[in-house]
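In the form predicted alone, a lone chain appears below as structure tokens.
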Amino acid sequence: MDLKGRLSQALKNVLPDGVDAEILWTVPKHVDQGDLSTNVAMLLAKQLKRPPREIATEFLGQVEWADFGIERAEVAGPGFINLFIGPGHYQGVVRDILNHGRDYGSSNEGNGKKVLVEFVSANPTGPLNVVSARAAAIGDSIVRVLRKAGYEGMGEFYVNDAGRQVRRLGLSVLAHARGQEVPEDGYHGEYVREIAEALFPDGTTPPQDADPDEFGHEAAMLNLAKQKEVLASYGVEFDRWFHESELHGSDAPMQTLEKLRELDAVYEKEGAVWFAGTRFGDQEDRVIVTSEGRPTYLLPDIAYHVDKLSRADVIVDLLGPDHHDYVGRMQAALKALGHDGKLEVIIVQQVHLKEGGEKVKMSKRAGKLVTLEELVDDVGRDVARYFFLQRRTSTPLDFDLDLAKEQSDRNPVYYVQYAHTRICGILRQDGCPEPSADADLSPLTASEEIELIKHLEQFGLQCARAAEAYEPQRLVGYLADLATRFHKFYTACHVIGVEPATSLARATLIQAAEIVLAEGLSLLGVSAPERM
């Protein structure tokens, strides 16, 4: 339990019998108002029928504030309780970080809840593009942050290897191999020619009766192998690659249909089977089996989500910007099946690459695209992931290639990594004492030191909030602020060439900052270099 939690518990322990209150702590805007403040006495005034200042004063005398590292406690204004935290508390934070190492900031906030995050899931019909790159960075970081906060986070990629797009890919490959025009609705990229050459080497041509579904599947598996390779180099690993063909092989779609029938959630009309989505919150009813007896895409998708929920308590889907309508129908289907509130959907908005102030145009069908592999080759894995994590997923992202390749403080990932590098450089220098959790940290009283420690202390809370909201981008802002506070400390407080006790205390402090920076960057899938 963090300091706020322990302070809240101390106040709850002195509340009158039968009285309960939510105790919230805020950080005052002005330093003369303390480090933490609560209005709990004002909230209780009506219930206790007493003046809030009287209640607050009574609380002050009932809690041993010094036990929590509080230097001074006072009643202010109409009844605020303001607390001034002493240096001893912050020195204890530094000691705590060194004792825990990279485990610092870990918590059991998730209490082991199983959260399955499905992301990327790009059709295996071509290379991964930059929208998939953004989804990969976000999804992978969500899983990492979930695990940090005590959830059982799992990442999954859904391989669409049973759809019409696979047949179109097969037709495109066969056309290339025969020297024919690729169908208008086929795939025209250079990668299709390369696949054709791999499947039909040395100028061989496909037989006239070649099955486009068969060769489309072979081509898709070649693409999938490449996708796995590229994602691994991007630092993204999945716990499971779930193939749609597995789903059909298990008859899960038909089993799901029967379950919907049992629940009276489907009906027949004009020979087709309709899901009664409007009864469960969707905007309209949807066909799930056509009049020809062929399931639409919706039925296997519902079956897949049911399968995921058999393995997790909550499922999270990261979807592209063209999937807004999909959300309502899937949530309605799961509600009909008794899984209401167990699906979270994150829409990952479009990415616009910019170079020289101009947008780089992309079209997958026409083969004019910037792939994830090309982007990482151009700007590097660390920069690519960090840039994709800077903005909320609901916001389209302008990816500035020129800035991404710039090695200066203007580049946000360089700015944060340089803070880590600078710390490592100081700790390597002759004359720098060996940091120690057992060191005397009482010299750490300067405002720049305390401000840095205050920010380090927030790391666990930021991780927990990021996990709860599925927003790893919160850590991007946190790390940028941490780097700024460290650079201010570095300017004002020398580690080497000062009084030995001060030197040791400051070396221990920057070791704590190094630990948090390295762990924070790792949660984003970004490296923490020791030299740059």
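Since the model is a prediction, treat every value here as computed from it, not as a measurement. One rule holds for the numbers: they count along the sequence shown, beginning at 1.
One more form of this protein exists, namely the form predicted in complex with the RNA; it is left out here, but the text below deals with it.
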| property | result |
| --- | --- |
| Contact label in the predicted bound form: N39 to the RNA, heavy atom within 4.5 Å | yes |
| Close approach of V27 to the RNA in the predicted bound form, 4.5 Å, heavy atom | yes |
| 4.5 Å heavy atom contact, Q165 to the RNA in the predicted bound form | yes |
| Interface membership of Y297, the RNA in the predicted bound form, 4.5 Å heavy atom rule | yes |
| Output flag, W65, N108 and K259 jointly within 4.5 Å of the RNA in the predicted bound form, heavy atom basis | no |
| Selected contact from F80, F459, F157, Y304, since only one has a non-hydrogen atom within 4.5 angstroms of the RNA in the predicted bound form | F80 |
| Listed residue (D377, D251, E268, D322) with a non-hydrogen atom within 4.5 angstroms of the RNA in the predicted bound form | D322 |
| One stretch from 226-234, 136-144, 335-343, 284-292 that, in the predicted bound form, holds residues within 4.5 Å of the RNA by heavy atom | 284-292 |
| Heavy atom contacts to the RNA in the predicted bound form at 4.5 Å, residues of 403-423 in sequence order | Q407, S408, D409, R410, Y414, Y415, Y418, T421, R422 |
